[in-house]
Each structure stands twice: as structure tokens, then as C-alpha cells.
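One chain comes next, on its own, written as C-alpha cells: the form predicted on its own.
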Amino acid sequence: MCGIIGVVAKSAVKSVLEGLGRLEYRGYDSSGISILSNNKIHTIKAEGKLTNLKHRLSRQPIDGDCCIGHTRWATHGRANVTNAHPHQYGQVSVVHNGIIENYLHLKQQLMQWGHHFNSSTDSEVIPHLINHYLAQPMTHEEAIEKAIGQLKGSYALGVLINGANNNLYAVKQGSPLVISQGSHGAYMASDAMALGADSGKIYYPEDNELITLNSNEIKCCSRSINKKIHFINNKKYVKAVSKGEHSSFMEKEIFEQVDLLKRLSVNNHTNEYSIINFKDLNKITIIACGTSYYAASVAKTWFEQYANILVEVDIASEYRYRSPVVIDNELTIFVSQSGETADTLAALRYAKSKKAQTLALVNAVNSSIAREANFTFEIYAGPEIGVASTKAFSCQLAIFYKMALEAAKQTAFIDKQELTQLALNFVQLPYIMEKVLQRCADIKLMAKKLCKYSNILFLGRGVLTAIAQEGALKLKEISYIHAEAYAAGELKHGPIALLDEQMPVLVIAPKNSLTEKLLSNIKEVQARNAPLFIIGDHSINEHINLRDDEFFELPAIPESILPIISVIPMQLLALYSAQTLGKNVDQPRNLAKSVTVE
């Protein structure tokens, strides 16, 4: 969601702007910056993309060694300059990531005390509160601590105060925040991606732990930070913010999947997964949102089919509100690319309160979800910049597959020969994936025809229903075409009423144990004159006889790895449809990469 960064260093403004550029992947609709210069705060804000803010700064250049910046994803109030951050009032300027749930009560109280508000945001109450307590009088630290004591909800804050000797204050409650000491200065940000190559030492503050950053040191509650320092190679984050030869980050990340899967197929993480005692589990519950939820749905089939373990899949935003029953010897798995998804983190805390074993499946091993879970498995996808997840999804599936094989080994539900074959199938995976990607031009032809429609139905059977759902989600996310996905057998239970010449149907139809049943569903579509598109085995098209721009042939694929291969055409189809329509595939409207509020 919103991205924040603060810098105390020479050329702080330049560093903040570069950091905001690295935060663009999170999704945003406005941006702003506050500079503490000669004991006075100067705030410049702009609606739209970061280039608009840079243009405004070029017309009124201000120098300063202490600076905060923000990219806003609108929650409370429209996307405009007034609602953009930082919010400045009196002596104080604040950037905020999160939601203040009791802001209306606080706002009414402050208005009774004579305060006047400009924006429609929840965040504006924070600088007002700090100013109120500064007038009492209090020290800067006391005023901030008193103010945050009044807040309910989640927040990560960067605070500047006039005359604060170039101090930058940072504090969090339930939202991600990183603190870094570099060779050239001190930094705070909503995630490590915002920090430059100078930032190798990372500190993750506890909730309501007030941090003071200045040019000499970083202090926590008047003590120097000397605990829980993490060392990272932040150069990889800087390198990730480059498209290379590709037209977009999404395209780059789709094609990166081959090398990522090659590494995962070569590297043996069996010992890592064996720390889980799958044999004695009574149940696995997998909890996730969006794309990660569809990865969990595929994993359910693998665990049940190969290890005979009962699996439930839950939407993270719903999980704790239905008071789920947590049983003895239950493993709860929380899937999140960022490791900061607010709903998933809250679900994790609920499961821990019920004494469940918790496992984080994340792309960021130092994230909140990873730090709070009993066990953490990394998906090894590397930084993912495109808002619509691609390589993280395939890496999630790959790790789930390896976990399922470890579970099958422990439970001995399938024989050793089948287990060996499943492992060999995984080794083939990146090479088959490469074959599919080499024929991306064929998918581009299909996309140019498909994107002329306003509505599309996706169909799959069995485990590939989740891939159909992921395909529909990708198309919606970046092309804004309305798409729905169904298990193909459900077509006649309602959706078939929609079929006519203007309702195309895309079917995932590889060669597997359900091919014959799927063929009958395809015939139902044809009988109603709906435009038909198929991604599948050549044997299917022998019965249907579609044109080249209506049929994409999949190579021969072992059934166990079909979900991981089948998603590649789905990703390319969404990418090329959106590009044909002239959409911004990396930063689709209204979407955020990391959803850190409920």
C-alpha cells in the first residue's frame, strides 16, 4: 500500500526521491516530500505519478539533510494533492502507512480544541495530536509517544519537527518499518526495497518503539541500537528496479521464472522441509489472499493426493472472523509474497493464540509474518516489482510441491517408485516452461483477438480450476477486462446462461485424467455459439478444429506439474492483452503490491 521513506544524510532529498522510485511498485496515486531545512519544514506534494512531484521540486529546489517522503494509495479521501502525504500542521510533518481506526473521534476532539483540518484523511490527526502535546509543553519524544498512545489501528510513521536539530523520528504499530544505518547516513522505510545500496545493516523495530535518527547515530528510547541487526545485500534490490531488455517488469519477471525454477530444481531443500512432522499432522490449513490463495488451492490437491493429509484453504481476510476451530496437531500455513499482508498477519496471530503450529511461506524472510511464525520457508523468487504477481506464484507452487513430496515421503502414502517419478517431474519443470515461453508470439496472437471482448469466462477442471481462477484474476488486474473463472463442471449450473456470440470462453485443456470430461464441457460451449479459446493438448483441437489465434498447444507435460506450466500462458495472455489495450501493466489502477491495511 502506501510507501514511506525518511533519510538523514547529505543529499537527503535525492535519496528520498530515489527511494520513492523504488516504492512505485507498491501502487500509488499521489506522492509528496517534506524537507527540514534551516529549522523549517517545506512540504511539496503532487497528484499522480512521481514525475509530477519531481517537476514541482524542480521549480522550487530546496536543500536539506533531513527529509521524509510518501507514495499514497488512497483509502480515506480521494486521490488529490490535499489528501497526499506528508501532512503538515504547525511544527510537525508526518508520513503514515496504515489506518487510524479512531480518527473520527480524535478529529472531533481536536476540533473542539480549535484545530482546523484540510484533508479527508485519517492520517492528518497525527500531526495535530503531536502539535497539541508539544504546546503543553513536552519534549519532541514525549509529544510523539503521547500522541501515538491515543491512536487505534495500524501505523508506520516518519515524523519531522521544526527545530529538531535535523532529527527524524520513526515509530510503528502493526505496520512494516525498517531502520538502517549506512555509511553515508540513517534511513527509515516501509520496506527494504526503498533503501539504496548504502543500506546494509537493517533493524526491525518493535511496536511503539520510538526511533530517533540523526547524522550521528540511531537511538531507540534514548539508547543506541545494538540488538537484532540484520545484514542484507541491498544491491540486489537496486538491481531489481531495472527492466533490462524487457518492455515491463511483469514481462521480465515472467521470463525470469525459468532460471528461478532451475535453481529450485537443483537446490535440495529437503532437509529444510523435514523440520515439519507431516506424519503426525491431523490437518493442514493454508491461509492466503489473492494470487497466493490460488497457489494454496493447488497445494491442497498435492497434499491430499500424495500424502493423504486433510487440507483446508481459507481466505485470510475471512479466517479469524468465523472463529475457526483449530484442532490438535494442526499446521497452519500463511502464504504472502511480501510477508506483510495485513489480513494474513492478523490470521497468523489468531492461529497462534489457538496454539496452532504456524509456518510462513514468504518471499521476504525478515518480514513480519516470517518473524512471527514458528517456521519460515522462503520461496526464493527475488524482488518482484510488477504489482500483478507472476514469478512469486510459480515459486510458491514449486515450494508447495517440494513440501508435498516431503509429506508423501513421511506418510508413505504413495510408493517409492511414484515418489521418485514425482521428483523427476519437478526437475523437468523449467525446461518445459522454457518451451512454452519460446512460443510467446502465439499467445500474443490470441491476446489480440481475446482483448476485443468486454467479458470472458475461464474454465478448468480439477487442480487446474485454480489456474483458471489465477488467469482470470491476472486479466482483470492489468487489462481491466471483466473475467470470471469456474470449474468446468459448474458451467451448466448457472454460467451457461451467459453464453452467446459476445461471451468468449477460455478453457485450460491439457492432456490429463479429466480430458474426456472437459471435452464434453467444451462441446456445450460450442453448441451455444460462444467464441472459444483453448490452451491445451493437440488431441483436444482434433475434435474442435480451432484457428491458430484461438488455440495454443501445450507440450507434453507430466500431470503432477501441470499447474505450474499451465499458468505461464495465463500470465502472457494477461500481459499481451493489457499491452494491446495500452494499459500500464506494472502499475494497474487501484491496486497495491503489498496490502498492509485491512
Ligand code: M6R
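Residue numbers run from 1 along the displayed sequence. Please read all numbers here as calculations on a predicted model, not as lab measurements.
Just so it is clear, the following notes concern the form predicted together with the named molecule, a form of the same protein that is not shown.
**Q** Have a look at Gln337, Thr465, Ser93, Ser175 for me and say which one sits with a heavy atom within 4.5 Å of the named molecule in the model of the complex.
**A** It is Gln337.
**Q** Could you work out which of Gly196, Gly290, Pro430, Pro495 is the residue within 4.5 angstroms of the named molecule in the model of the complex, going by heavy atoms?
**A** Comparing distances to the named molecule in the model of the complex, the residue within 4.5 Å is Gly290.
**Q** Among 474-482, 154-162, 521-529, 370-378, mark the stretch whose residues have heavy atoms within 4.5 Å of the named molecule in the model of the complex.
**A** In the other structure, the partner sits against 474-482.
**Q** Does the 4.5 Å heavy atom contact test between Thr341 and the named molecule in the model of the complex come out positive?
**A** Thr341: yes, in contact with the named molecule in the model of the complex.
**Q** Is there a heavy atom of Leu514 no more than 4.5 Å from a heavy atom of the named molecule in the model of the complex?
**A** Contact check for Leu514: no, nothing within 4.5 Å of the named molecule in the model of the complex.
**Q** Check Ala192 for me: does it contact the named molecule in the model of the complex (non-hydrogen atoms, 4.5 angstroms)?
**A** No, Ala192 sits far enough from the named molecule in the model of the complex that none of its heavy atoms falls within 4.5 Å.
**Q** Though only this chain appears here, would Ser389 touch the named molecule in the model of the complex if you measure heavy atom gaps against 4.5 Å?
**A** Yes, Ser389 sits close enough to the named molecule in the model of the complex that at least one of its heavy atoms falls within 4.5 Å.
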